[in-house]
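Presented below, as structure tokens, is a lone chain in the form predicted on its own.
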Amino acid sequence: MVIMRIIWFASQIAFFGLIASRMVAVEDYFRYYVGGLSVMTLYSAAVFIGFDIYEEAEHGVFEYLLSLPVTRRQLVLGRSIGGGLRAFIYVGPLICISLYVIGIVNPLNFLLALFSLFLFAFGVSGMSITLAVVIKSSDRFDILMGVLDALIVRLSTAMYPLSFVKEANPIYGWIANFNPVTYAAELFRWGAGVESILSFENPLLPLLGIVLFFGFFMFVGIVLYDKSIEGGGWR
């Protein structure tokens, strides 16, 4: 999986990024796209924690987890944070490649952006766990996550500026305004210094959006996952 993501990431930069930057009449679009590509890859990696939930249920790991000397909230919180941290470790080298291409203007801004990416990864992991314990079917979960990936990523500013999205359809632009992928992508670009076509003038707004996204799905994921492992059951 790691090798495939590296190949996909490199090909996206080398082919789509370079070609699109010559086609799209936007200043500094190549660096803009590379920043969004990092967030798209982080989102896809963080989603995989949901598939781990099904493997645990299939192999009877729930009973073992319940025997550990930790509370259930600590257990669920650890699974969510662990999923986000694992995704960040997977994507970390790719983010370094992005920074090499984009560069960093203000290190302090980038540290804040990096913190927001951690929260974003944890929030996506919580969302994945929440959907997994609600659906309880690996096939349906796989289909749903594929649909969500197509919609959430493309109805954001990860690939195109907000003005382009609004021009395509005002509804798309409205969705992009409240999309956590948009918040993460804009903060990453802001931290790296790609500020010519940012959608938010105040970086605190997308940061607040990511904090709310993280808090909501962490809380909902903990509650639902806690109920699902009650007595070691999954049905």
Partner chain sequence: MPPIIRIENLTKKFGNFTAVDHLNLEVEEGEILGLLGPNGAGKTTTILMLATVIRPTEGTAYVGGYDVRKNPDKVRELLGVAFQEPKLLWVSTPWDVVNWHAKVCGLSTQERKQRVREVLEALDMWDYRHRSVHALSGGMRKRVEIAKVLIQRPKIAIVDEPTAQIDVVGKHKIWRMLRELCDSGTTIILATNELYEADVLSDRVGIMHRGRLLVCDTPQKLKDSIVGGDVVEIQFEVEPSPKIIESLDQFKEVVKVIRTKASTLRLYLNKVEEVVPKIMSTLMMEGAVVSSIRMSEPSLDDVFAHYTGLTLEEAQKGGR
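Only a predicted model underlies this, so the values are computations on that prediction, with no experimental measurement involved. Between two forms, the rigid core is defined as the largest C-alpha subset superposing within 1.5 Å. Positions refer to the first chain, counted from 1.
The discussion below concerns the form predicted together with the partner chain, not included here.
From the list 91 to 99, 67 to 75, 107 to 115, 128 to 136, the contact stretch for the partner chain in the predicted complex under a 4.5 Å heavy atom rule is 67 to 75. In the predicted complex, the partner chain lies within 4.5 Å of some heavy atom of residue 60. With a cut-off of 2 Å and the rigid core superposed, residue 70 has a Cα displacement that reaches or exceeds the cut-off between the shown form and the other one.
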